[in-house]
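Single chain ahead, written as structure tokens, the form predicted on its own.
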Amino acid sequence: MPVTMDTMSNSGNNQNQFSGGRRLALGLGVAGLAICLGLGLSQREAAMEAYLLAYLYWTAVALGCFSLLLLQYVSGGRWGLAIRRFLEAGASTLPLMAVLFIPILMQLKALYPWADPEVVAHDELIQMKVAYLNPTAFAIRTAVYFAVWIIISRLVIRWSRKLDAGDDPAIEARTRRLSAPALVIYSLTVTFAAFDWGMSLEPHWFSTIYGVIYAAGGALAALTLSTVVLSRVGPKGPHAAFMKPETIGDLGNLMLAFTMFWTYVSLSQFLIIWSGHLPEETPWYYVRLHGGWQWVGLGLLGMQFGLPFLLLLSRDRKRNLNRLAGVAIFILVMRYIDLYWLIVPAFTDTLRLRVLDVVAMAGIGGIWFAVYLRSLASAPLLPVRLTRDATGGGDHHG
């Protein structure tokens, strides 16, 4: 049977294939958020800190999917066809993340020092930044970020669906033309979003690399998640007739590249700040190198970079989907630990582990996955026309 027909028939089975996982994720998400809300009645600040951490993690995954989707349209490549639907599903969760940002807007004072008038009144440095760091400007900028991301992602996904329907083949070229400038716009908006949502938790500190670190981590998380999902649905679906070891190897090479890039920008920030030894910058790292946090930092160097780097050097491992998925799951866990190390020391000098953090991760993650799977079930798991072209001898290397 032609691949096109297999792919089309598969779309009719997607609802059943993902319905059980969607219900489970939704139940877990609702329960997690309900518990978080209940505990928040007596531990408001702690609950909001846990909520923000979980929110930043899943938003990074969604934004990573969005950025990789644009990158794939610009660069081409069979690897992108293999995971394009997974990237589209991740990008389709951005409206959800916009809604889930509302509790943060309602509790700014519990999270951000610059949102507390009493703190601002006694802090001259924050007063100098008040034109930028104030609740109204913060909310407006966030609305602009999400508006830009949602509009562009909706256009790209809509055009992708039209390609499946056999409409104007020029849509592919149109999407490619949009994706190049959209990547530039994305780079700027995600950088400022990281400044607003994460870096401003400690308004005395600043780093121009902070946004790049957040974006790089999100892209790595999106790639690893897509690899894990591919390992679950690929062997049983239309991917089985489409994918080759070289395609899996491309995903492994990209995973290695993003791991190295994340390490490069993270170490660059550390070396520049530590060697500069400026009183406005070094305290940020001083906190993260004491009180137990130093062990987390060392663990990240060895486990977020060292171990994945060594594992992904193996050509055989990168061409074996199940083994590559195992490395991807490990990196996904380390992405959370990295974000924990970046965010939580803003609230406490000493390392802590709380049930609230797990509950908030499960709550937002469950809701996120429910929307993700719903989007994944709404279309064929492979782009129909592009799959036909690629398997029929079309040149889609990159």
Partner chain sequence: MATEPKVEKFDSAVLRGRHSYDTVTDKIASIVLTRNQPRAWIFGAAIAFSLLMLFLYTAAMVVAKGIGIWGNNVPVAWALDIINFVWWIGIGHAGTLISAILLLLKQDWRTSINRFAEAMTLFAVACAGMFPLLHLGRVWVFYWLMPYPNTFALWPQFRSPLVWDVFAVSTYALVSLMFWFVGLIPDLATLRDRAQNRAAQIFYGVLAMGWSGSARHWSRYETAYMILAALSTPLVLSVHSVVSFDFAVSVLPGWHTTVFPPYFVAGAVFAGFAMVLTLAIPLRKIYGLQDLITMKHLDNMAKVMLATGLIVIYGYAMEGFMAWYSGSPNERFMMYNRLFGPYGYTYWLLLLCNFVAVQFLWSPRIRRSTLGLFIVAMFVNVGMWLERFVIIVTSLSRDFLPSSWAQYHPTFWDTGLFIGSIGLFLTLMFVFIRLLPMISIFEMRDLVHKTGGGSPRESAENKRK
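Only a predicted model underlies this, so the values are computations on that prediction, with no experimental measurement involved. Positions refer to the first chain, counted from 1.
What follows is about the form predicted in complex with its partner chain, which we do not show.
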| said: Using a 4.5 Å heavy atom cut-off, which residue among 146, 206, 159, 138 comes into contact with its partner chain in the predicted complex? | reply: 206
| note | Heavy atom within 4.5 Å of its partner chain in the predicted complex, from candidates 106, 301, 278, 165, belongs to 278
| field | Heavy atom distance at most 4.5 Å to its partner chain in the predicted complex, all of 30, 111 and 119 | value | no
| task | Please name which of the stretches 129-137, 322-330, 306-314, 94-102 has residues with heavy atoms lying within 4.5 Å of its partner chain in the predicted complex. | result | 129-137
| request: Determine whether any heavy atom of residue 184 comes within 4.5 Å of a heavy atom of its partner chain in the predicted complex, and answer yes or no. | output: yes
| request: Would you please decide whether residue 286 lies within 4.5 angstroms of its partner chain in the predicted complex, comparing each non-hydrogen atom pair? | output: no
| said: Under a 4.5 Å heavy atom criterion, is residue 173 part of the interface with its partner chain in the predicted complex? | reply: no
| Interface membership of residue 72, its partner chain in the predicted complex, 4.5 Å heavy atom rule | no
| Counting only heavy atoms, which residues in 185-203 are within 4.5 Å of its partner chain in the predicted complex? | 187, 188, 191, 192, 195, 199, 200, 203
